[in-house]
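Both blocks below hold the same protein chain, though in two forms, and each is given as structure tokens: structure 1 and structure 2.
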Structure 1
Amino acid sequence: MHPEKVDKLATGIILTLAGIVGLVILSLLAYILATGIPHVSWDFLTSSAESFRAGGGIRDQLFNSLYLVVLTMIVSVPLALCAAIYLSEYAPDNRWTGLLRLAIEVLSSLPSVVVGLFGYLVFVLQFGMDFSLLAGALALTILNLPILTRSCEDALRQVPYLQRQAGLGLGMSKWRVTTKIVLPAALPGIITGAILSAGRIFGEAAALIYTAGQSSPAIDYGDWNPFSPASFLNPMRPAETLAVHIWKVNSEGLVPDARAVSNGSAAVLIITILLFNLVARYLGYLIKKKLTK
């Protein structure tokens, strides 16, 4: 067969398969949104489970999910950034560095339920954190760290090596070149990777069942003391997230309108993750545009 015909045939097969995958994903998203959005209302978003209809609202679960993402990013971003700087700028290219990157890859492929069990044994039982937001955040850090480290390292490696040579040629130290030249240039990619990873952990459930818990006690949104047991800022309180709430409502069978509550919660979850992705790309575009002026 002529090479041009083979090329056209291969291109057609690849485009067809890609179109099928895209169609399946879009159909799934459309189904979730179509079945869930009719059940979403302002009361559903701003009421607690005890104060709104049979299945309750998702105010507390939505806040818990967002707060958990913030706690996780506070812990994981500095660790991932330091690891990425070491691997990209300082680590020698030898067998030990290769083993370190292999360990990161293996850690990124761990099932979330395994990380949840590890978090339960270590953070909940061994460290005495009980079921809490902090234990959940530490478990999610284990899940998030490999992916965030790799995205930060890729962003740093995309900075042209000539910029590093220019800084070193002007007499700057390697650390100063890294912090004053490389990091600002890689900032759009780092921010994009961080927000995308935040969207991923926002929908995590399995790891949180064993660490953050499946209950959400009454929260006082007027109590700004993070050491108060009922404060919404207290990281040591148990907290049911939105993804765990969807699993719990469907698995227990105690809520009369479980289908409506789970469909509405799933729609809110999908929309929030989509917003994470859109915001990440928009912020990355704005920062890159500002730095390249």
Structure 2
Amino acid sequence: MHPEKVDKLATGIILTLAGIVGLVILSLLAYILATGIPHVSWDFLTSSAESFRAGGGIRDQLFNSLYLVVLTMIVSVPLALCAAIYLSEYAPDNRWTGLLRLAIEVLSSLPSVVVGLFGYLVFVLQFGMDFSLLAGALALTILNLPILTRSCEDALRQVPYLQRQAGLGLGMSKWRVTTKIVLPAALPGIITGAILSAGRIFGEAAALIYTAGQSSPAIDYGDWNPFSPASFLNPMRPAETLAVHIWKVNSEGLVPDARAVSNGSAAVLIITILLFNLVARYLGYLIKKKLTK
């Protein structure tokens, strides 16, 4: 066949197939949102879940998901940032550093169910945390650390060496150069990476069913004392998240309106993650603009 004809044919086939794939995926996305959004009401978002009756909401699950993200970030951001600083600023180019990098890579490739099981074994049983937000947050930290460390390191490495050199030439310590010059310049990248990773752990379920647990006892949103057992801030209480809720309702749930509850929850989950992505993009853009001004 003539090359021109082959070219036309190949182009036609590729574009058609790509179009079909794109259409199927987008229509599935649209399907979830279209079936879910009608069920999302203020009442759905602000009332608590039901175990046996229809009409339950997702207030506690939504709050648990967000609170868990916050707890995870509190633990993982400083740790990942420091590790990234070591890797980008201090690490000598030798085998030991290579081994540490390998360890991070291994960590990032662990299936989340394996991380969940480790969390169950160590945090829940060994450390006696029981099913709790804290155990869940630590499991999520394990999942989050490699991603976050890598994105922080990338952001730090993107700061030109000239800036570091100028600081070192003034007799500043490397640590000062890093915190005062490199870190501010890398901030947009770090924040964007952190928010994107927050979006990822927001929807995590497999690592949580045996760490944060699958139940949501009654909690009191008026109790601001994090040590009181019923307080919504207490990190030692078990907490079912939104993603776990979807799984739970569908695999062993007893509520008659499981479909409606899951549709609504899925839509909320996707919209929240969309928000995370948008905020990350916008914030990155804003800070970049401010810095280049």
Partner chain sequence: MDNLRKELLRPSAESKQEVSGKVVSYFAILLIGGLVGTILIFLTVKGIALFTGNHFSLREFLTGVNWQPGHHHFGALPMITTSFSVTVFSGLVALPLALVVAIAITEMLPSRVYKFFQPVIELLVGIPSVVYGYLGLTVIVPQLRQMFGGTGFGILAATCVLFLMILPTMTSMTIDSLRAVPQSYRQASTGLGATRWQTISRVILPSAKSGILTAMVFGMARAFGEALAVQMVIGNTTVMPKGVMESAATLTSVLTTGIGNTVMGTAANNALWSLALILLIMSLAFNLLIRLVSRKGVR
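Note that the rigid core is defined as the largest set of C-alphas that superpose within 1.5 Å between two forms. Numbers given to residues start at 1 and step along the sequence of structure 1. Remember, predicted model here, so these are calculated numbers, not experimental data.
Sort out for me whether 1 or 2 is the form predicted in complex with the partner chain.
Pick structure 2 here.
Test your reading of the motion between the two structures: two rigid parts, one hinge. Which of H39, V115, F131, R150 is at it?
Of all listed residues, the hinge one is H39.
For the rigid-body motion of this chain between the two structures, what is the smaller part's rotation angle in degrees?
Domain rotation angle comes out at 16 degrees.
State the core-superposed CA shift for T16 between the two structures, in Å to one decimal.
Displacement of the alpha carbon, after core fit: 7.6 Å.
Could the core-superposed CA displacement of L26 between the two structures be given in angstrom, to one decimal?
Its C-alpha position differs by 2.9 Å.
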